[in-house]
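Take a look at this single chain in structure tokens; it is the form predicted on its own.
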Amino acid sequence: MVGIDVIYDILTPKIIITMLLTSFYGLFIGSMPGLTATMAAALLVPFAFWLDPLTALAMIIVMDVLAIWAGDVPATFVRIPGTPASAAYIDDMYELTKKGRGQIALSISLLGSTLGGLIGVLVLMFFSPELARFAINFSSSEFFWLVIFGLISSVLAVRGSVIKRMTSLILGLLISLIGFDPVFYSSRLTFGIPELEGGLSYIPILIGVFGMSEVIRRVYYKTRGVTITLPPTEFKALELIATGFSTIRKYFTRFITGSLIGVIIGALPGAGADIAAWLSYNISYRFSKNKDEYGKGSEEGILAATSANNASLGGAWIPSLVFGIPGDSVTAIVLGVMMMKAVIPGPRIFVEQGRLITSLFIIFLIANILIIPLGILTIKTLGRLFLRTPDYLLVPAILVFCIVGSYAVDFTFFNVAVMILFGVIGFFMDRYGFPIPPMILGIILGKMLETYFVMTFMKGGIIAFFNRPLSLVLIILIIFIILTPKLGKVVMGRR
């Protein structure tokens, strides 16, 4: 029987040892700011040469799942996103820790990521062809409106004056224009600086506006006699699990919608976990009854975004397996490994490689379940380290993390300078009430917005943006999201 054969394939010393080693590798990569899952997957490719197809793919799957979750740990303790996917809800995680509720933040992340990831894998197992056909119907027009949806959501999901929110978004879009023009093949806004030809990497920017700005903030307050200290917290395994389940039960709708958004966004080629987290968080905010808590320690915001993170990983494998189109940067590397091992993706892969694919699905399930025991170990270890370290040691340590993480992007000190610059920018933006999330999403999505706009316009002018059913659905959804609060007030007024 195939089921028994699959179990025999997985329960071998080689597979088990590989999964454990790459689990700890993923936890390390995710916990270190600046080291992304994509970089970690690329570093595993040389080992794939010497391994069989199942073991080679298993090590990337396990690493990816653990790394994406682990990015929440430094976000909780030192306000630095370990991976870009954690940036969407970093303020909520950190604010809960400042209030002595860090255990709640990490319990939500732990169970939300695990169960959201399991939902993503189950959808991958049972609905891959259907979702792949849906995703493949997305043209440049639909991607353009999806990016618009994300940018508008980022503005609507933060507090403050409309002018400050729009200023932050426009700043992010302008920053995304720096470098090589992907449409007209020319340089722009480089000011003769060779390092700007390739544009600014958003990872040093993320580390700067969150991590470096935190260093500057702590030093600033210290000079005024104020010390920022995090209250001690005991991280107990059973309480972490119980609190996580309790929060999911309380905000079950947010969990389900976040997971489904993660799967759908993950299935769209090129989207990835970070966009899934931002969209899920922003949509959760728009429909929440507790909007004032967002950015200040919202449990439902964290749950919606962190469940979308790991659910998107399963979704990203859908177009990769069915059509050979990478769902994100990690699955692009996975496709290369599959080709190397003569595993050809396509509709017939489920028939021709049924035993291998079934084994990969089970490994995906195991990887998500591993988040709980290994995650608890990571939380208890790093929790003691960060919360018990005095400020005069913690601040230099955060600064070192920022420098190393920025340098590790492409091993140049230029990115370190970018990180410091955006640390200063982030400090002043926070001080004068300019929200950071719109700027970050503008930087991430700016190039995509420009590319899809030009591609769509060249197809048929303005009409090309409105002549497809999926585009009209997205436009209606955008209008609905914008008008939701006003419609709610009208309904309540009539009542």
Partner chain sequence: MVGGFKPGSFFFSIFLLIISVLLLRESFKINTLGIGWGGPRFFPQTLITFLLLLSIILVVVEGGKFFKYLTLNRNNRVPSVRWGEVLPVILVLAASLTYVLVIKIVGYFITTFTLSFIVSLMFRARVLDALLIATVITLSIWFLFKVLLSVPLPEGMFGW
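Positions refer to the first chain, counted from 1. Since we're looking at a predicted model, the values are computed, not measured. For the two forms, the rigid core is made up of the largest set of C-alpha atoms that agree within 1.5 Å on superposition.
Same protein, other form: the form predicted in complex with the partner chain, not shown, and the subject of what follows.
In the model of the complex, at least one heavy atom of residue 188 sits within 4.5 Å of a heavy atom of the partner chain. Although the partner is absent here, residue 470 is not a contact residue: none of its heavy atoms lies within 4.5 angstroms of the partner chain in the model of the complex. With a 4.5 Å cutoff on heavy atoms, residue 255 does not count as touching the partner chain in the model of the complex; it lies far away. Although the partner is absent here, residue 458 sits close enough that one of its heavy atoms falls within 4.5 Å of the partner chain in the model of the complex. Interface residue among 248, 416, 332, 374, judged by heavy atoms within 4.5 Å of the partner chain in the model of the complex: 416. With the partner removed from view, the residue among 397, 344, 237, 340 that has a non-hydrogen atom within 4.5 Å of the partner chain in the model of the complex turns out to be 397. Annotation: in the model of the complex, residues 27, 73 and 366 none come within 4.5 Å of the partner chain through any heavy atom.
You can rule out all but one of 210-218, 258-266, 310-318, 116-124: in the model of the complex, only 210-218 has residues with a heavy atom within 4.5 Å of the partner chain.
Residues 403, 404, 405, 407, 408, 411, 413, 416, 420, 424, 428, 429, 431 are the ones in 402-431 with at least one heavy atom within 4.5 Å of the partner chain in the model of the complex, listed in sequence order.
After superposition on the rigid core, the Cα of residue 246 moves by less than 2 Å between the shown form and the other one. Core-superposed comparison between the shown form and the other one: the C-alpha position of residue 443 differs by no less than 2 Å.
Residue 375: CA moves less than 2 Å between the shown form and the other one after rigid-core fitting. Here's the thing about residue 403 and residue 42: their CA atoms end up at least 3 Å closer in the model of the complex than they are in this form. Compared with the form shown here, the Cα atoms of residue 397 and residue 297 sit 3 Å or more farther apart in the model of the complex.
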